[in-house]
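First, one chain by itself: the form predicted on its own, in structure tokens.
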Amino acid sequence: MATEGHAGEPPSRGKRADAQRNRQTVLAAAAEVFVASGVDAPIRQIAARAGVGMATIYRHFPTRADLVTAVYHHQIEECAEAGPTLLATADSPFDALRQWIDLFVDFLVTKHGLADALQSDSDRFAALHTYFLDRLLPVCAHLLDAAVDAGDIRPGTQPYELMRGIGNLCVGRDNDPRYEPRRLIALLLQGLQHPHAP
């Protein structure tokens, strides 16, 4: 039900736009804080990073699980929307794939701890995982197909296998400062390339 203004009218378009901007600012700040401090970081730390009051956060996200879920959803959307943009602007389809995988790794790092944060809500977590696959597998497939069509990489790589492999390479990153998964991911991408590809 829409909130009404003083004269019984719905809130102005400007107020709705401000609320949406605040929401996006909070989501971006929460993602940064989650990367740095984990999903159990204090809400006041997220509010300070976003430059808003804690009441603003609780108005949009009444529980921590709501906030974590929204951040996860927001990051999926950013990653999905980046695919076509990168393909249109990168020097080659392979460069677009490489840049997208870099964003995907950023996303995987952001979602660290999500399962623990939503442990009591397995249905919500399962729905997010399904959404993750539904949104990102087609983007990865499109980037792979473009790189194959351009002769940059060998055919036959399945998007699910690639995404799952990258995810597996990211496991354990937080527990071992000597381990940098991006180096191994770069080697994996080199292995996909045709010998003549740059």
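Between two forms, the rigid core is defined as the largest C-alpha subset superposing within 1.5 Å. Values in this document were obtained by computation on a predicted structure and should not be read as measured data. Numbering starts at 1 and follows the sequence shown.
The same protein also has a form predicted together with the DNA, omitted here; what follows describes it.
Q: Would you mind picking the one in 137, 35, 28, 43 that has a heavy atom within 4.5 Å of the DNA in the predicted bound form?
A: It is 43.
Q: Of the options 141, 54, 171, 133, which one has a non-hydrogen atom that comes within 4.5 Å of the DNA in the predicted bound form?
A: Here the answer is residue option 54.
Q: Look at the candidate spot formed by 19, 22 and 60 and say whether the DNA comes within 4.5 Å of a heavy atom in all three of them in the predicted bound form.
A: Per the other structure, all of 19, 22 and 60 touch the DNA.
Q: Exactly one stretch in 152 to 160, 66 to 74, 45 to 53, 125 to 133 has heavy atoms within 4.5 Å of the DNA in the predicted bound form; which is it?
A: Going by heavy atoms within 4.5 Å, the stretch is 45 to 53.
Q: My question is whether residue 143 is one of the residues whose C-alpha shifts by 2 Å or more between the shown form and the other one, given a fit on the rigid core.
A: It does not, since the residue 143 C-alpha is displaced less than 2 Å between the shown form and the other one after the core fit.
Q: If you line up the core, does residue 183 shift 2 angstroms or more at its C-alpha between the shown form and the other one?
A: Residue 183 C-alpha, core-superposed: shift of less than 2 Å.
Q: Might you say whether the CA atoms of residue 84 and residue 33 end up closer or farther apart in the predicted bound form than in this form? Their distance differs by 3 Å or more.
A: Farther, not closer.
Q: Once you account for a change of 3 Å or more, let me know if residue 136 and residue 66 sit closer or farther in the predicted bound form, using their C-alpha atoms.
A: Here the pair is farther apart than in the predicted bound form; there, closer.
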